[in-house]
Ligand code: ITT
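Only one chain is included here, represented as structure tokens and corresponding to the form predicted on its own.
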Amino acid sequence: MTMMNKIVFATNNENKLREAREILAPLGIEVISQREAGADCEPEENGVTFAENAMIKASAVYDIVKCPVIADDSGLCVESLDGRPGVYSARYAPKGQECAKLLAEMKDIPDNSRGAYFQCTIAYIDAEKYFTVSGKCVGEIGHEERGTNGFGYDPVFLYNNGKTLAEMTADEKNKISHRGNALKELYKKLKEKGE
């Protein structure tokens, strides 16, 4: 077999699963959630980098399922906030209030200093190897929430086409998203290794 056909994604987040499935499906890879694989665990993400947190999750699920696992950690890094919220993006504000808190914190920051990027690091682990790959999506923080297609910080993150990630279709977002870019790097690496 030249390519594996199943990977467990160490998440139960439907948005992340959908994105991974859409990107990896044309490559012949079936992505299943940790719940579908029978891995009921919530490891503590106490790493200080995206790579550490991704590997913590991947290792915990791999210990249960003993088959290829990927896990991701991602977040929004805002240049004028010294890279915050960064690895703490999910804990930066109560769920659903992330955009409002960020906009309030950035209300006095001028347009030319609103640069930001999403970073996603994916950890891969199987019986023989483990590695991480990363992807970025560079843009800036807008002044208001726009769009309904995204989640998290998508409604305030402006891409260079003038749209927020939440105003894009799934196809548009997959082509440029940090997770999409990291998944493409993952595919390249697996292909190189002759999976």
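All residue numbers are counted from 1 along the displayed sequence. All values reported here derive from a predicted model rather than from experimental measurement.
The form predicted together with the named molecule is left out here; the points below concern that form.
*Asks:* Has each of E79, Y117 and E145 got a heavy atom lying within 4.5 angstroms of the named molecule in the predicted bound form?
*Replies:* Looking in the predicted bound form, the three residues E79, Y117 and E145 all stay beyond 4.5 Å of the named molecule (heavy atoms).
*Asks:* In the predicted bound form, which of the stretches 122 to 130, 22 to 30, 151 to 159, 58 to 66 has residues with heavy atoms within 4.5 Å of the named molecule?
*Replies:* This holds for exactly one stretch, 151 to 159.
*Asks:* Within a 4.5 Å heavy atom cut-off, is K184 in contact with the named molecule in the predicted bound form?
*Replies:* Result no; K184 lies far from the named molecule in the predicted bound form.
*Asks:* Can you work out whether E98 and the named molecule are in contact in the predicted bound form, taking contact to mean some heavy atom pair no more than 4.5 Å apart?
*Replies:* E98: contacts the named molecule in the predicted bound form.
*Asks:* With a 4.5 Å heavy atom cut-off, would you call E45 a contact of the named molecule in the predicted bound form?
*Replies:* Heavy-atom contact with the named molecule at 4.5 Å: present for E45.
*Asks:* Using a 4.5 angstroms cut-off on non-hydrogen atoms, would A90 count as touching the named molecule in the predicted bound form?
*Replies:* Close contact exists here: in the predicted bound form, A90 approaches the named molecule to within 4.5 Å, heavy atoms only.
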